[in-house]
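Here you get one chain, nothing else, as structure tokens; it is the form predicted on its own.
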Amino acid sequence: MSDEEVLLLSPLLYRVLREQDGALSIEVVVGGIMQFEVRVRLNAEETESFQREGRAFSDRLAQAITADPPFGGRSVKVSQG
């Protein structure tokens, strides 16, 4: 695995990571029968909201990504393996 730091691991099937360059991202398990993970790098506003609200913000963000996995073209599928 890479040098990412897991900041939050949620039972709602997501985790918030600090990437090697210091940026925050969220990985969310999405899908129905075929489940996979997508990653979205947080923008400055989202990073500020996470720092201010913590789990409450990341829960809302994860739910929004689950409802719309492409997330406006911002998500990337996480490779398995």
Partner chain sequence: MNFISRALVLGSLSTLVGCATTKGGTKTPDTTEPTPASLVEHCDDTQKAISKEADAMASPYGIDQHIAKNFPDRRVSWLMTDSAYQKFVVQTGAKNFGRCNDTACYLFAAPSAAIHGAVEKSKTADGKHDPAVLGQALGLPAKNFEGPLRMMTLDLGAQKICTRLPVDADPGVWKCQTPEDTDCFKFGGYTSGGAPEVMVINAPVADTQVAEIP
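Positions refer to the first chain, counted from 1. All values derive from a computational prediction rather than experimental measurement.
If you look for the form predicted together with the partner chain, you will not find it shown, but the lines that follow are about it.
Q) residue 13 near the partner chain in the predicted complex, any heavy atom under 4.5 Å? A) Yes, residue 13 lies within 4.5 Å of the partner chain in the predicted complex.
Q.
Since only the chain is shown here, I'm wondering whether residue 21 would be in contact with the partner chain in the predicted complex (any heavy atom pair within 4.5 Å).
A. No, residue 21 is distant from the partner.
Q: Answer yes if any heavy atom of residue 25 is within 4.5 Å of a heavy atom of the partner chain in the predicted complex; otherwise answer no.
A: Contact check for residue 25: no, nothing within 4.5 Å of the partner chain in the predicted complex.
Q. Is residue 37 close to the partner chain in the predicted complex, meaning a heavy atom pair under 4.5 Å apart or at it?
A. Taking the distances in the predicted complex, the answer for residue 37 is yes, it comes within 4.5 Å of the partner chain.
Q. Which residues within 16-31 place at least one heavy atom within 4.5 Å of the partner chain in the predicted complex?
A. Counting only heavy atoms within 4.5 Å of the partner chain in the predicted complex, the contacting residues of 16-31 are 27, 29, 30, 31.
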